[in-house]
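So this first bit is one chain, no partners, the form predicted on its own, shown in structure tokens.
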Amino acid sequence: MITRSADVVVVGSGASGAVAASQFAEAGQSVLIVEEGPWVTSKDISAMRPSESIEKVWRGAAMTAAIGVGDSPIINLTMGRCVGGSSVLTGGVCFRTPGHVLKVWRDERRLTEYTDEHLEPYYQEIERICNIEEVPVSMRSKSTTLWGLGAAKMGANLVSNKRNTKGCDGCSQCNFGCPKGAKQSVDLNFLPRAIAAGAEILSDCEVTRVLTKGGRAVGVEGKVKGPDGRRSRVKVHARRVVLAAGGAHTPLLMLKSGIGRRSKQVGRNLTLHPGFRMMARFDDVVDGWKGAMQSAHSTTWEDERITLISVYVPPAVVVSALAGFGPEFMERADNLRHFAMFGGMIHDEGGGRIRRGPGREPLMTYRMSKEDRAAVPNIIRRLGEAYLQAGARELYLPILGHAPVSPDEFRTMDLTKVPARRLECTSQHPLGSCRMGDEPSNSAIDGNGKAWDLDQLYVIDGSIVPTSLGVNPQQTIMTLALRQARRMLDQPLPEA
């Protein structure tokens, strides 16, 4: 048994855990960050092929999924499992929390402090440290530009994204770790700050339980992997426990620890931003990977809870997603340079659930609301029509096993008849499974991140976000983590 102690133990080193740990350490508290995944550097990442990145630093080798319930698709859910967490593997897109979302938090969740004005200084601090900047039009790939040209003919807009980058050259590998260190993920800013202030990181350590005593969280225990690959038990004694393991694993850890019985909200209300992508083949060469992976988005259909956003992953990954086999597949793969790609996601209602599974991973289920399910054909229709308006010869729909379709075939398809089980659906944004609120009857934690059930237990990651956002959540998660950490610093630590 390995025993450690700290003023604060932070479980998870991603966008929220790194931010909070830096604040605690810089305030003079002793901090131990516990991370289940390995410690990989930018140099390590630059030497990896996408397939190696998936194997080594993605959770479950990118095979994690939420099981569709009722008329809902299976949703592939990609998450990071390394020091720096999913921030190492995002497209770097950063949105402030939309004002209309904050209004719902105030009006329906009764979180009255959550206004644009209240969050402004936290937004600014995150933007400065992470170098959040607008993607120049010159860095839009031809894939994105073509979709934008077609969308303009439909009366739709195309707005530049903001990303946490410095010196990006548009190699389109963001989801597999930036090989140039241009993406300013937390392993390049907040974690080094925390370490410089005295924080320690214990990587390759799976936390299995929150330790409690007398109605208070007093540490965590788990298993740490040594250099020889063997696992040893580890126990960390702490005066305060902060969970930052993400929307899927923070509720799982709480459930395993018997926390949440009072509120009965832990693991419920999971939102995912179900996402879909459209590929199109053009006569001219596109080389869609040349440019920023996610450079622009359209706000035209926000009132329908739809956000359409550019995306293009490395060529090897694009080819692996093509339907067909044998000569048919090879013929399509030979057209790789002519493919364009664009994506979309739903501002969903929160029909997901986290439960304890038979192993170390959670059992995730997801039931789309009727309104969310109705939005799916609208996303597919608009993604495809924009490319057809730009001159695409063929469309590759997000329907598993479906052959490419011609413009005429696409325009006559009844997309409402596509069974949910056939839909190719993805997510990178698990939120809301330990949502915050004003009372235990409707939330797992209070508005400052404190668990209703246990003193000195705080939650600060994406699981606390009260509703779906409709936009990429990285900046919201970091902003909330910074705010909650400052609020925690206002509360004296208990006696050891």
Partner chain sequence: MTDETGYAPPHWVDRGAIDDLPAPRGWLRNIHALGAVMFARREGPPSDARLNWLCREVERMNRSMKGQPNLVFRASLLAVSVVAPLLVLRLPPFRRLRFETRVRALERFERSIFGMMLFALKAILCIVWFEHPEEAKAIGFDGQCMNSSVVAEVPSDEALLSVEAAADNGGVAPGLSGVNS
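Numbering follows the first chain given and starts at 1. A quick note: this is a predicted structure, and the numbers were derived from the prediction, not measured.
Beyond what is shown, the protein has a form predicted in complex with its partner chain; the following relates to that form.
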Sort through Met154, Ala316, Ala374, Val159 and report the residue having a heavy atom within 4.5 Å of its partner chain in the model of the complex. Ala316
Give me the residue from Gly68, Pro440, Gly447, Pro50 that has a heavy atom within 4.5 Å of its partner chain in the model of the complex. Pro50
At 4.5 Å by heavy atoms, is each residue in Met63, Pro179 and Arg421 next to its partner chain in the model of the complex? yes
Quick one: which of 140-148, 214-222, 235-243, 284-292 gets within 4.5 Å of its partner chain in the model of the complex, going by heavy atoms? 284-292
Do Glu55 and its partner chain share at least one heavy atom pair within 4.5 Å in the model of the complex? yes
Would you please decide whether Gly167 lies within 4.5 angstroms of its partner chain in the model of the complex, comparing each non-hydrogen atom pair? no
Do Gly99 and its partner chain come within 4.5 Å of each other in the model of the complex, heavy atoms counted? no
Interface membership of Gly324, its partner chain in the model of the complex, 4.5 Å heavy atom rule: yes
